[in-house]
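Coming up are structure 1 and structure 2: the same protein chain in two forms, each one given alone as structure tokens.
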Structure 1
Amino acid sequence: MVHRREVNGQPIVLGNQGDLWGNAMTWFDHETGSVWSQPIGEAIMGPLTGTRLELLPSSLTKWGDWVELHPDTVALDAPARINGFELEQMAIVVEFGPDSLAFPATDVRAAGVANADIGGVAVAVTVDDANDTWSVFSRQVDGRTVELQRSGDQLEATDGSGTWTADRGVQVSGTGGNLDVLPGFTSFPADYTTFFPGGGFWQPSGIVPVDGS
């Protein structure tokens, strides 16, 4: 996850609190010592309790694909290592304002693309065939909202107005440019229900509320 570490327009420095809440990491800020919860980006104890950090757009992708899309990228000076991260057990969480939805990766992959509206924002979520990477796109194109469907490696607007690559949202045909990338993050479904009790799980058949109502 990538956050903007800024409170009331002032940068703050965050470190690792080292505790767990809902099995997820916590931070502390060097300014007030408040304790923050990673999945919600919000201070849960201390003077800044209730303050939230803005989640910034980011991608979870493969280095090779990222370089192809951003040839001038820089890379953190750090050793890399293939890891045992398995997206298929996880859900992609998208959150706008008080509203959020979790998109189980395997369901999204089976459906090709998940169209949804979250807090008034029209989004589309995709997962690649290998269950390795995901993307969240805006469905606002040229000031209109499109519905997207999967066609091989591409997403196409159901009104025929354009096509884009499914992995990066790069425009292949039509007008309006590339799809905007929106913020999202991965979570185990159980953790999502802990942190977003008012949320819901996206399913091809509709939204299943976390609270079961």
Structure 2
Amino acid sequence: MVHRREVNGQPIVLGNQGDLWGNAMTWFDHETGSVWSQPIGEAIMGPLTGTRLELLPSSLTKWGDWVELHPDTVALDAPARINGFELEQMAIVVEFGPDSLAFPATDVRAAGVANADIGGVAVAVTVDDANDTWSVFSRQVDGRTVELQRSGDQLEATDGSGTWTADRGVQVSGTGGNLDVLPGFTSFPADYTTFFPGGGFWQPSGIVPVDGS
């Protein structure tokens, strides 16, 4: 996940606070010493308690694929251990204001595309089988909402009005341009229930509320 590190228009410097909250990383800001929760980007202790950072759209992809599209990219090369987390263990979380949904990766993969509405925003979530990456797109095209389905490495509108690449939402046919990439992040399902007790889990058969109601 990627957050804009600004508070009231001023940049802040964040570091690893060293503790876990809700089984997830916490940060501290050098300016006030406030402690921040990484998944929700919110200060949970200190002078800035209750302040939230803006979540920005981001993508998870292979380095070779990224450099092919953005050859001038500069990246930090630092030694690190191999990530032991598998996407199959995770859920893709999409949040708009007070509303959120978690999309279990296995269910999204099986469905091809998860179409949903979150806080009045029509979204589509998809998982790339080839490299275990995922994407969240807006389903607004030319001022209307489309339903998307997976067709190989492309997404297509069920009404036949257009097709887009499944990894980046680039238009292949039709009108309306590329799909807008929306912010999202991965979380263990149990951790999602900790941070978003009022949320729900997307299932092909419908939404399952976290609180069981």
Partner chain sequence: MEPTSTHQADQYPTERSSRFLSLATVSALLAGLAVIAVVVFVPDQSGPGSSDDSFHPDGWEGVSANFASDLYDPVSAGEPAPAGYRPSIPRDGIFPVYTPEFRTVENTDWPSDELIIGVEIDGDARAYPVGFLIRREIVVDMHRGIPTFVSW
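Owing to the predicted nature of the structure, the values given are computational and were not obtained by experimental measurement. Here, rigid core means the biggest group of C-alpha atoms that superpose within 1.5 Å across both forms. Numbers follow structure 1, counted from its first residue as 1.
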Chain form predicted in complex with the partner chain: structure number out of two: 1
M45 C-alpha shift between structure 1 and structure 2 of 2 Å or more, rigid core reference: no
Once the two forms are fit on the core, has L56 moved its CA by at least 2 Å between structure 1 and structure 2? no
Take the rigid core as the frame of reference and indicate whether the C-alpha of V181 shifts by 2 Å or more between structure 1 and structure 2. no
How much does the C-alpha of P71 move between structure 1 and structure 2, in Å, given a rigid core overlay? 4.2
